[in-house]
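One chain follows as structure tokens, the form predicted alone.
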């Protein structure tokens, strides 16, 4: 398996980093996280018009750029580095991968060009109040109604669920259990009977919502009762994408902490020269580099359909989760007393690290999956 970035990919990373550094300084992050929507829609449209980021992973046949998970991972890593407040992960990762995995060619042609152009935002609703991420935990029901379907139930912890224009929903046939009877559906955000309640979360840079469905009109996405396999594939893809985003945030924390201790003077010398600081810096470097390797390898495994993908994906998520949180803890400590204050930006990444740690399953959960799925 190829395990390095090409010159073109490195140039792509540089251009994305420059654009995001200009558009997402911490002043802008703080401004947007204080709003209920969590992002500026006009700024979102402009970003997509100039860089076409939501089109990255969409095939050219559906008006996308046709790149793979390697390039998508680069974009996500840079977004994690800058904590971009925008519905990118929900739209370009969650909803797009579900549509690509489950939808028919006609459905993809109807839905994906609008996402690629940045005209609409979208999300995927699968978790319910239990917070579990497996097919067996789905309780929402889908009942045939004329030419369409009616959805009843609730979905929780839905990324950008309060603002998404299109919602991809996982529901089941009444009376079915486990992986049987599961189907994907698409719901218009303006549909009657749909309730959307923003959730108060620790990480204000990533908005979540609880959605309630009371006889909501929905359109079937893909084959009826055939969502189990596409859902499993989608989950593998999104945890790899999240791992790539997480290593971007971890690297930013590491760099900022190192820059601070080099500048901070105590007893007539930089605190970077103290042994305890050196130990923390070394631990951070090792943790972040290991997490990067796992995330990059998993993205390459996705592009090459590696047989060990289920295990590799879980390995990437578990490694990135622990590295990000531990790096955040070290970064706060290395900043000393100011690291615990609201005015210092370190807490923004710390909260993202903590929320990302448990999003789609924590490290312990994914280690269990890794051991279960490893084929060697």
Partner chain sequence: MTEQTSEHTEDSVRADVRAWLKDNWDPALGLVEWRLKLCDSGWGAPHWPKEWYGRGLPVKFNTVVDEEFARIGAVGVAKAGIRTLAAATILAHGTDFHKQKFLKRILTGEDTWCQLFSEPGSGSDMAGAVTRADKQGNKWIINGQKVWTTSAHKAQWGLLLARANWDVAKHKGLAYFILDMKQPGVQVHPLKQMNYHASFNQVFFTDAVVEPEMMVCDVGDGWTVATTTLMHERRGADGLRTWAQATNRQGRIYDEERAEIATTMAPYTWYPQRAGRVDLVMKRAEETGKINDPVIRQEIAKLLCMSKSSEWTARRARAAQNLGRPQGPEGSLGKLASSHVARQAARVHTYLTGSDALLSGKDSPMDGVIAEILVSVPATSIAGGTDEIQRNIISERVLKMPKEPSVDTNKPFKDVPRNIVSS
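The shown structure was predicted, so the numbers you read here are calculated from the model rather than taken from an experiment. Positions refer to the first chain, counted from 1.
Missing here is the form predicted in complex with the partner chain; even so, the following discussion is about that form.
Undergrad: The partner chain isn't shown here, but in the predicted bound form which of 310, 38, 339, 70 has a heavy atom within 4.5 Å of it?
TA: In short, 339.
Undergrad: So which of 136, 110, 265, 229 gets a non-hydrogen atom within 4.5 Å of the partner chain in the predicted bound form?
TA: None of the other options qualify; the answer is 265.
Undergrad: Thinking of 204, 280 and 332 as the candidate spot, does the partner chain come within 4.5 Å of a heavy atom on all of them in the predicted bound form?
TA: All of them do, each having a heavy atom within 4.5 Å of the partner.
Undergrad: Counting only non-hydrogen atoms, choose the one of 266-274, 242-250, 79-87, 300-308 that falls within 4.5 Å of the partner chain in the predicted bound form.
TA: In the other structure, the partner sits against 266-274.
Undergrad: Does residue 22 reach the partner chain in the predicted bound form, with heavy atoms at most 4.5 Å apart?
TA: Taking the distances in the predicted bound form, the answer for residue 22 is no, it never comes within 4.5 Å of the partner chain.
Undergrad: My question is simply whether residue 359 lines the interface with the partner chain in the predicted bound form - judged by any non-hydrogen atom within 4.5 Å.
TA: Residue-level check for residue 359: yes, a contact with the partner chain.
Undergrad: Would residue 44 count as touching the partner chain in the predicted bound form under a 4.5 Å heavy atom rule?
TA: Taking the distances in the predicted bound form, the answer for residue 44 is no, it never comes within 4.5 Å of the partner chain.
Undergrad: Against the partner chain in the predicted bound form, would residue 364 count as a contact residue? Criterion: heavy atoms within 4.5 Å.
TA: Yes.
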